[in-house]
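Below, in C-alpha cells: the form predicted on its own, a single chain.
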Amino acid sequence: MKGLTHFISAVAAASCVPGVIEHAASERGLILVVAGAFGLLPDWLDFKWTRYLETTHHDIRPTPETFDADAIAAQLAEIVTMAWQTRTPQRVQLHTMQLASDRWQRYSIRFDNLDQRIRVTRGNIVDTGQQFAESKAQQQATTPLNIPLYYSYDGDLHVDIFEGPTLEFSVQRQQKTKTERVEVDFLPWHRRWTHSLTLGIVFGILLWVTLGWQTGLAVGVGWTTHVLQDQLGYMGSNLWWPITKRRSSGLQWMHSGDALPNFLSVWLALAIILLNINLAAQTPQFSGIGWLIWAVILPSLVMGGAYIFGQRQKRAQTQQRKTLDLLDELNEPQA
C-alpha cells in the first residue's frame, strides 16, 4: 500500500479504540496523528535507515550503449548457481540506466518458476513516473537453469528508475516436500524486523506506560494495520520477529502500487473515521447501520469485484502471451 493509504488506515483503526475520538477532540487530534505516524513508521525505517545497513555481493551495471541481455541472464544464472553450491545467500544490486534527467532505459527480468529459466529483456524508454516515453528496439535473452528456482512475485521485474532493486538468492528447504530450492527475495532488506507484530506490541506497551492506555492501544493498532495490509500483497512480512527470521508469504491478492485497492482502502478508512465521529457525537447525524451498508459494504463489493475481474483478465492475457512465446520458441529453426 502507498504511504497515504497506510496513514489514513492507521488513523481509522485507532478511531475504533474506545474513547479515542473523545480524546482526540480534547487534545486537538494528536492521538490520531500519532497513530497515523506509527502507521507510516515501518516503511520509513526501511527506506530511510535499514536499506543502508545492508551489503550486496554482486552488482549488475548495464549501460545503454553496451547493453547485453545474454550477459545479464548468464550472470544471474551464475549467482543462482553460487547460492546453490555454497549454501550461502547471495545478494545482487540491479542498477538502472539513466539517459537524461527524465529518461531511463528500462530492462526487465523474469524468473520463470515453471520452466526454470531466466529471461532478460531490454524494453522501452520511460520517464521518472515510469510512463512510456520512447520506443526502443527490444533485445531478449533466455538462460535455462538446472537448479530449482522459486520467485514469489508475479510477472516481470522492471528495472528502470532511480537506484534499482536488490535481490537475494538463498537455498530454502520445503517442509512439505522435504526438497530444497533457491528462492528469490525481492528487496531483502524490506519488511523484516520493522514489519513485525511483536515490534508493534512493544511500541504499544511503551506508549501505554508513558502516555496512557488509549495512546498505547492506538499506536499498536496503527502499526498492526500497516503490517496486516502488507500481508495482502506478494512480499509478506516477518510477522513474529525475533522469533522468526524470514518473511511470511503474503496472500498475493494485490501489488502495493495497484490503484483500486489503494483507493478502496482510503475510502473505507475515511468512512470508518466518519462513522466513529458520528457515533461519538452527542447527537448522531446519520444511522450507523445505513452508513455501513451504503458507505462500507456496497463500495467494497463494487470496487472489489471490479478489481478481481480486472486481475483475472490480466492473468488471462499473461497466460496467452506465455503460450505465444512458447510457440515462437518451438517454431524457431534449430541450429
Partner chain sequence: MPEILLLLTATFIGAIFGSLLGLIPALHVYNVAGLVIALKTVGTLEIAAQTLHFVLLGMVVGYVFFSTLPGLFLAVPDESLAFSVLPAQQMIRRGAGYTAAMLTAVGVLGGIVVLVLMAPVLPVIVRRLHVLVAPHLHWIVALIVVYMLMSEWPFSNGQGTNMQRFRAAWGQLLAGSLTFSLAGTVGIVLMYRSPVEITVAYQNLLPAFVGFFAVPAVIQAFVIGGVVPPQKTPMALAVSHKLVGQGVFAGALGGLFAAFFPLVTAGIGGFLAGHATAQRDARVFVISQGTSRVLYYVGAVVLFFLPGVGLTRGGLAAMLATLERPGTWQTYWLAVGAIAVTAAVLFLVFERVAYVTAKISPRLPQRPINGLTLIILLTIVFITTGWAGLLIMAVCTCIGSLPLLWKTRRMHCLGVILIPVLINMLGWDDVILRLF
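Since this is a predicted model, take the numbers as computed values, not measurements. Residue numbers count along the first chain shown, from 1.
Quick note: we don't show the form predicted together with the partner chain, though the next part is all about it.
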For the partner chain in the predicted bound form, the stretch among 65-73, 292-300, 305-313, 271-279 with residues bearing a heavy atom within 4.5 Å is 271-279
Answer yes if any heavy atom of I21 is within 4.5 Å of a heavy atom of the partner chain in the predicted bound form; otherwise answer no. yes
Using a 4.5 angstroms cut-off on non-hydrogen atoms, would W104 count as touching the partner chain in the predicted bound form? yes
Report yes if any heavy atom of V209 sits within 4.5 Å of a heavy atom of the partner chain in the predicted bound form; otherwise report no. no
Applying a 4.5 Å heavy atom distance criterion, does N262 contact the partner chain in the predicted bound form? yes
For this chain shown on its own, do V33, D43 and T55 all sit within 4.5 Å of the partner chain in the predicted bound form, going by heavy atoms? yes
Heavy atom within 4.5 Å of the partner chain in the predicted bound form: which of Q131, Q138, Q174, T244 fits that? Just give me the one. Q131
Contacts with the partner chain in the predicted bound form - residues in 1-23 whose heavy atoms fall within 4.5 Å: K2, G3, L4, F7, V11, I21
